[in-house]
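Two forms of the same protein chain are encoded below as structure tokens; each is given separately, as structure 1 and structure 2.
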Structure 1
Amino acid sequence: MDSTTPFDPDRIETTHFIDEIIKEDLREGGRTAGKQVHTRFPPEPNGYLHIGHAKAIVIDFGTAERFSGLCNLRMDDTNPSKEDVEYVDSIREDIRWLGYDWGDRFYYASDYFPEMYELACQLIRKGLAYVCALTAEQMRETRGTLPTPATPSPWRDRPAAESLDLFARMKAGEFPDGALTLRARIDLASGNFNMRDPVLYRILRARHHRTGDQWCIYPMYDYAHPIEDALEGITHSLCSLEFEDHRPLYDWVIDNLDGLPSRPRQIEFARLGINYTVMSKRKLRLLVETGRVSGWDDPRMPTLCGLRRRGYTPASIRSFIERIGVSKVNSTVDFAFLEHCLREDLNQNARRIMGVLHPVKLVITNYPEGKSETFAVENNPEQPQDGTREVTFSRTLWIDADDFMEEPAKKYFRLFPGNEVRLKTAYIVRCTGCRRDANGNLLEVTAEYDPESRGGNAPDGRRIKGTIHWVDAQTAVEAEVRLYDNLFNVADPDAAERNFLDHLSPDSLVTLQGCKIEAAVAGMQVPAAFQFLRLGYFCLDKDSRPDRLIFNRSVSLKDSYRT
């Protein structure tokens, strides 16, 4: 923020309720008046980011952008038993892919372990924390009910000096895992169970991916998070609605510690729910570890790396997040709307090519053998500046099996004996019949072309109702095509009465071999995206090689979304 120019919060266009709160805080007399807005995105590095995290990323980084502020990236690495540097690297990659950057403000919760320990000692000296020997099960048994206060721990009134000594010995590794905890001394009768003497530290012998075996006690998230925010000068701690009941504890930690450089404000927003998927890291990890999917980046997964591999673009995901809005009420969004946002983006930007997924030969019997010619085809009608490419045409072509019926259904305007169709950009042809093997399997379709209809225009102005795509058999590239659909066959696989693994869709992946693709795809690099004319949007898969092209269907051509 330019200190020479007073910042006027009212010039910011409000996009949701969080903006309104921040604007009020920035106005004269507000709690952050005169300060630069500073947010943070604090993922735990225990898995790959998914589309739900994308909402938090867009809110955290986007809010900072709108208010000319800053946003930190911080790894919440306080639980070493589940964390790994692999996840750290993937998180950084995903955020950059979405189009955001944290500059030099990349931190770890573990950066603050020494300060957190000293601040915990401060709470002990103030009589606001004590070392407790109750087990986790005993704490659950004594925490009470909503109308009944929790039973005090026998060690709740332990002298501060004794707790300080025990806490130091916990740090030194003198006690086994689970033997002791450090608990806050707050309010056993609180209607909010998070305030009934919550655990601040536990003993956990697990090698940390950064600090190794230096620590054997680790802070709980509810204690660590507000301290991290305060030490980094965060003004607004934006988090999902599940942390609303944790806000009193967040504020209690901030209010009762001396020497913190700032007092952040926590604001909660509704999490993102999407039907036909799950977004619990535990469940996603189970899908990976049990081999139900090929990995975290399986294109059926809601992970950002999975969506990226399927052909989703940063622009489509950001558009989706921005258009669903930010509220305080949890809701579920139709997965088809996410597909709609991708389709809008690819319609504008994806190159068009012709591909045949279920190939059958079309032999043009009156076209000279050995002859070949080229046609100029536009690369993208939405982007004229992208120009054209040349496609070859010869006597034998590949067409899709669905584009021929020997006995046509009503209102079927594609190839059948006696009917004329337009071969996209090339010629008008009249179907003359087909050839089948002894078992009745279709081997080829035959047709005759109108030499005067070059470009697909009838010279006498006759009306041609059907237009089909095709690929020249002489130059076609063979490929594998993977058709992806919803991973689950029920809208709410998370429903309490269900085992989500029982509702995996057997049709979530269909693999087609021997597909014929226009020669223009040769030499294209991942993540090249295309619209296969009349079929949908596809992208090259990362496993593709020059001698083995693999395409993933990103999304079908038409919306199934209903307003």
Structure 2
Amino acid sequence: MDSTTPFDPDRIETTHFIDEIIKEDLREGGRTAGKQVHTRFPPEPNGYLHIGHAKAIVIDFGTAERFSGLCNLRMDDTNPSKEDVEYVDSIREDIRWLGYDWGDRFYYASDYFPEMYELACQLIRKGLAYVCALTAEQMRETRGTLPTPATPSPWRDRPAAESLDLFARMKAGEFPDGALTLRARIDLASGNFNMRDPVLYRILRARHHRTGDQWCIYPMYDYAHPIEDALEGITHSLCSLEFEDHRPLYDWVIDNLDGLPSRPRQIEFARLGINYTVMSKRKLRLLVETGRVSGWDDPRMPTLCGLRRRGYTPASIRSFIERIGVSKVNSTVDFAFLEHCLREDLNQNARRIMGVLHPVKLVITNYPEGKSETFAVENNPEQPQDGTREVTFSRTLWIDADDFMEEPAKKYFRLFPGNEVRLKTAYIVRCTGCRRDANGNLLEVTAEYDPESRGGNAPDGRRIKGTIHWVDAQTAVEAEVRLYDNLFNVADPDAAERNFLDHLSPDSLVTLQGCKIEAAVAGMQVPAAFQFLRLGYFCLDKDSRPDRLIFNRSVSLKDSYRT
């Protein structure tokens, strides 16, 4: 912080209740008055990050940013049986992709194992922790029920010296997995189960991805987390609602340990839910492992790598998170709002291009065979400085099947016999009919152009209601296009009473072959993103090759046309 301009917390614009609490802490006489706000994002490296994590990331890093503070990135790797390095790199990549920077403050909870061990000994010496020999099952049986207290472990009053010795031998590997635990001695009658002598350490022989076989005892989250926060000087430890009743234990650990460098404060907020998808790691993993999706980065997945492949931009995700707000109400946000945020970003920034998904030939019968000409088409009407590109026009074009109806529906103003439409930036044409094969399948649509309307302007100023996109048949590039829709066909596949796998939508992926795209796409590299005029936003898929283009539809354009 710049020492010449004293930091005034009240200058910060409050965006939600957490900011209010932090401001209060920062004021004269407050808990952290005069200190720099310091938060952390502590993922467990046991899976890929999803948009729910993005909420936590934006809150953790964003709050630090707003208060000119710092945010650490810390791998909460206290359970080697579930974690793996595989995930560490993807987590770092996803956070960076979202646009956040943790500077040189990248930590692992496992870095603190030695300190945690010493601090545990301190608790034992104070009579606040003891080594217990109850089995997991016995512990469950003696924990009591909601209204009735737990019954004390036979080892609850074991002398500190004895526990100290046992704990050292646990660490030395003298006992098998699960034989002993170190438990806090707190309150067996508490209505909060977390306070009924919670386990602090367990014996677990699993190769840790960083410390290898150096340890065979591992600290539990409730014991480790407050220590991690305190050692890093975290001022505000933001987490989700389900940790609310762990806070008394968090505070108990902090309050009963001497020598901790700081006293962090835990604040909880509601996690993000989005309809038509699932957010739990377990369920996402199941989708991957059962082959319902192609992988963690399947474009239908709510994972950050999935959204990235789908064409979501970091800016759109950040905007989404910032705008849904932060509160303590369990909530489910409409997927439509995420889509809105993407459209908003891409409308401003995506290059326009013409592409035909369901190709039908349009023959301009009065346009000379063999002739062709080019038109300069604007790349992005929202960004005139992006200039124009040349697009080739000739006698035979591809148009979308949707843009022709032999017998027009009411209020339909595209191609139908006798009607005039404008071919974007080219000419005005009048539909003269169509040709079909013996089975009635549409072979081609025919039309005559008005040579005086070059550029699409009617010389006599007559109004042309419809403008459609087209691609020159001779120069068109072929591509595969993948259309995505909700993975589930029910708004709440997460509902407890249903098996989410029974509600997968059969239409979540529709693959189109032989789509015709403007020649300008040739040679484009991932992550090129475009608006296919009148259709939606598309991006090149990572599997795309110069000789085999593959596009993903990120989101369609809104369409107010209804028959």
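Computed from a predicted model, the values in this text were never measured in an experiment. Residue 1 is the first residue of structure 1, and the numbers go on in sequence order from there. Note that the rigid core is defined as the largest set of C-alphas that superpose within 1.5 Å between two forms.
J.: Which of the two shown corresponds to the form predicted in complex with the RNA?
T.: The chain shown as structure 2 is the form predicted in complex with the RNA.
J.: Cα of Arg323 displaced 2 Å or more between structures 1 and 2, core superposed?
T.: After core superposition, the C-alpha of Arg323 moves less than 2 Å between structures 1 and 2.
J.: Look at the Cα of Asp460 between structures 1 and 2 with the rigid core superposed and state its shift in Å.
T.: Between its two positions, the C-alpha of Asp460 lies 2.3 Å apart after core fitting.
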